[in-house]
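Before any questions on binding or motion, here is one chain by itself as structure tokens, the form predicted alone.
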């Protein structure tokens, strides 16, 4: 067998909470497991670890959920699991995963596949969002928590959803002054979510911890605010912010200008379902869970035999959902390989975490008015430099589908393959925030890799 071909009973894509929980549980059941992860170390986005040899800043405190994260990491690192870090999976068929690692092409042959690739940031364009220094909330967390980088001195964090608070605390830990934290949704929407999570003590403790950190740092979370535009010469220097109404539309006369050199915008997350679609798995659109997500049954089985999915790929849910579904998927995979039946408590735990998460997500869904922030000159596709005016002209001439818009102006046809612009492109191009995004079209390679990786693929 070639050195570039690995074999295992189970191949897992993603080393976040779902992947780690599943891998540890399967290894404990005596199954051979290989985990393919793009990061340098296991943990995923929420439990991201610094590179080996890099110490975290002194005196940094962590939210309560990270206690569970450390337990997951410790169990994973102590398990008989092969982790391939820096692995980019670019093609897949049932029982086979092709990936690029250290500049070479590799193949993992496995009896079962678990997809746990996580999610991507949802981008909603606004004037100035392409200026250096303006990035997604998730990217800021990668810089700070994944590489120990201090991205600037004065930061604005803006958007909607639970991702904002971890971004604020990450920046504070890095020594960055957070000038403002803006939540587009209203305080009332957040209160309406309480009945759905009141029985989930872990989530309530988490929220209280974050609010205490903001109070200690003197950062006020402003409800019903957003960014209108960013300005600067070659780099963001200031941001114009304003209050918004219940639909996310700016309120006239409330504009303020603040001096910043970093802006983190986080308008929620989108499930990374490309590999699942490539494998032929069915998907469905659930707006509250981020858009298109894979269909799974009560034991995390997809519609393709031998392929399972857990975590954000089945709908945005957070670390609690991901780890519970990872444990459930491990039991189901083990059962499919001849192990004991899946226990009912695992099923109930995963479903309970989903219910609590869904209640929170409904409160922080992207507001339709936010899609009106962009003007005609605002770039909506960064890869192909397509302004909003061209995207709308393409939609008017060729049709409302994502394919029609792409044909008309090339938006979504660049290196990122619509990962950045795709989730919002149709709403922007059609001027219809209620327009449902088409199911993404996936092709090999699913992610950018070297041409030699494709040419020299084993198997």
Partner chain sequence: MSDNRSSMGRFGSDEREAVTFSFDGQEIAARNGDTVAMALWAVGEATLRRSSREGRPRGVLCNMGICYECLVLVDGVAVRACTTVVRAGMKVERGGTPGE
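Keep in mind that what you see is a predicted model, and the values were worked out from it rather than measured. Numbering follows the first chain given and starts at 1.
Although not depicted, the form predicted in complex with its partner chain is the subject of the following passage.
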Just one of 80, 130, 375, 303 has a heavy atom within 4.5 Å of its partner chain in the predicted bound form. Which one?
-> 130
Out of 46, 416, 34, 404, which one falls within 4.5 Å of its partner chain in the predicted bound form, going by heavy atoms?
-> 416
Candidate spot 144, 420 and 448, all three touching its partner chain in the predicted bound form (heavy atom, 4.5 Å) | yes
Is there any non-hydrogen atom of residue 149 lying within 4.5 Å of its partner chain in the predicted bound form?
-> yes
In the predicted bound form, does residue 397 have a heavy atom within 4.5 Å of its partner chain?
-> no
Please check if residue 30 has a heavy atom lying within 4.5 Å of any heavy atom of its partner chain in the predicted bound form.
-> no
Find out whether any non-hydrogen atom of residue 167 is located within 4.5 angstroms of its partner chain in the predicted bound form, and reply yes or no.
-> no
Options 385 to 393, 311 to 319, 345 to 353, 212 to 220; stretch whose heavy atom lies within 4.5 Å of its partner chain in the predicted bound form = 385 to 393
In sequence order, the residues of 105 to 122 that place a heavy atom within 4.5 Å of its partner chain in the predicted bound form are 119, 120
